[in-house]
Structures are given as structure tokens and as C-alpha cells.
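Next up is one chain by itself, shown in C-alpha cells, the form predicted alone.
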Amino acid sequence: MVDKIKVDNLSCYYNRKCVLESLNINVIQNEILSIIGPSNSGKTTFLRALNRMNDLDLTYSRRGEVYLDGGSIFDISMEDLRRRIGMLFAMPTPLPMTIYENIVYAPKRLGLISKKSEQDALVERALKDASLWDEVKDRLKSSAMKMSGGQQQRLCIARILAINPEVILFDEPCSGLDPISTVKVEESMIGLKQKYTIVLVTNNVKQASRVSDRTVFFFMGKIVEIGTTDKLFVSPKEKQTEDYITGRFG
């Protein structure tokens, strides 16, 4: 097993208040790693630390290191880092364009594609990988804003795939979706791990148990337990973990 990301003694602060303390986590290539824990445990801060989105906040500071393929992410330009590590947010954010234009917009701006044939192939591949092609292939020129919420979220996944990242960060991707749409997004995630490394933050412990290979339980900015998902959910080592996944608190 190869480590795609290595988090080494990472602590994160806002206005000098510590929100994540001395984290050490390895993310294995082509796995889905779920981060669970109650609100204000630092889950989203951790996720945003992996592609330096926290750096946009002037009150933010950190100690420790994050490595991508052995190299520090702080030695990589923001543009290159965001291309290598894509992020999907809780609420769908399609561009006010056609479905087709949503997919090709970023690759065209980055100079990754130019010919119409390249664009067509990219759109088909990205939509297929996001499990959306069969639903929209006959209306690629229609507005993305007319799609359902679940379709919009999968379109946003396809938009990330279009720039060919190595890692995809999912921040509560199904929090605003109905159960049927949630199943489709989860199926997309499971399929994507064949090509990509995925880190998923979710408040839905059942979702973590369904899709992830390993799970980390955060509480108050610290790691309580990390392990393979089947073992952590069946026989957690820590009582705090058991109490959370069984719904006794959180």
C-alpha cells in the first residue's frame, strides 16, 4: 500500500485558538478515508488543510506538514495543488451555463484541451465517471441550473474529474440530497476510488460505513480512533467511538 497523503503532526489555529491538535494521518492511494465526528470537531478544517483552502482566512495558522506523494504541499503553487487535489462542497455549485460548458470550462482555461473532439471526449468520460452520462447525454446543451439537486452534485463531481486530479475531497456531499440521490453519489464515490484517492467528511456514520475503506473518528480537534471501517464500526477500541457511532452522543 502506498501513501498518497501524509499528515505529520499537524495543528491548526484560528485567531491562535487551536482547532486541530497534532494530527498524524496517512491516506492510502486509491482508498476512501472517511472522517466522522460531532460538529466542531475540526473535520472540515482538516479537509481544507489538505488543499490549503484554509490559507485564504487571514486568522488561520498552522504547524506541522502535509505531504502529497512525498513532497510538501506548501512547496507547490496553489494552482498546481488545486489541480491535483479537487474538492466537492456540501451544496451543489453548478455554473450558470450548459451541462457541456460546465465540464469544459476549467480545462479550456487551463489549456488542457482545445479541439472540439477533445472536449467531446472529455465531457463523455467525466460524466460517465460521475455516473451521470446516461441521464444527460441527450441534453448536454441545456442549462445545468435545470438539473435536480442530486444531478447537480454529480455534475460538480464531473467538473472536478475534468481537470484530472489525483485526490478528491468530499465535504458533506450528500447533506442536502434525498436518499435516492445520496445512493447515486455514493455509487459514484465507490467507482471513483479505482482511479482516485478520496477523503470524505460526513456527519452520516451510516454513509461512512457504506463507502469507506478506513474511518477516522475526530473529537474536539483530536483523533480518537482510526482503523478499517469494518472493524471500527463492529468493534471500536474506544468507548467514545462506540458511543458516537451508536448515537449515544453527537
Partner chain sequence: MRRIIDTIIEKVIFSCGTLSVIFVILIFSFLFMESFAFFKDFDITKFVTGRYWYPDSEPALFGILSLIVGSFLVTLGACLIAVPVSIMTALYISEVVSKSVRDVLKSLVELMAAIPSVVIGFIGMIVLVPCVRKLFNVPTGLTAFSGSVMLAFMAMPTMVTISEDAIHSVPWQYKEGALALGATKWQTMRRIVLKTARPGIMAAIMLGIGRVVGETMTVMMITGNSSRIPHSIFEPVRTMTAVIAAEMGETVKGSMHYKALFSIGLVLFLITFLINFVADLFLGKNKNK
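Take the two forms, find the largest set of C-alpha atoms that superpose within 1.5 Å, and that set is the rigid core. Bear in mind that the values here come from a model prediction, so they are computed numbers and not experimental data. Numbering follows the first chain given and starts at 1.
One more form of this protein should be noted, the form predicted in complex with the partner chain, which is absent from this view; the next part is about it.
Contact with the partner chain in the predicted complex, judged by any heavy atom within 4.5 Å, is made by just one of Thr93, Ser175, Ser148, Ser142: Thr93. Out of the listed residues Arg214, Lys184, Arg48, Lys193, Arg48 is the one that sits within 4.5 Å of the partner chain in the predicted complex by at least one heavy atom. Looking at Met53, you'd find a heavy atom of it within 4.5 angstroms of the partner chain in the predicted complex. Within 4.5 Å of some heavy atom of the partner chain in the predicted complex lies at least one heavy atom of Phe89.
Not displayed here, the partner chain is approached by Met97 to within 4.5 Å at the level of heavy atoms in the predicted complex. The closest heavy atom approach of Tyr105 to the partner chain in the predicted complex falls within 4.5 Å. The partner is not drawn, yet in the predicted complex one stretch among 113 to 121, 176 to 184, 78 to 86, 127 to 135 has residues with heavy atoms inside 4.5 Å of the partner chain: 78 to 86.
For the partner-free chain shown, nothing in 1 to 39 comes within 4.5 angstroms of the partner chain in the predicted complex, judged by any non-hydrogen atom. The rigid-core alignment places the CA of Thr98 2 Å or more apart between the shown form and the other one.
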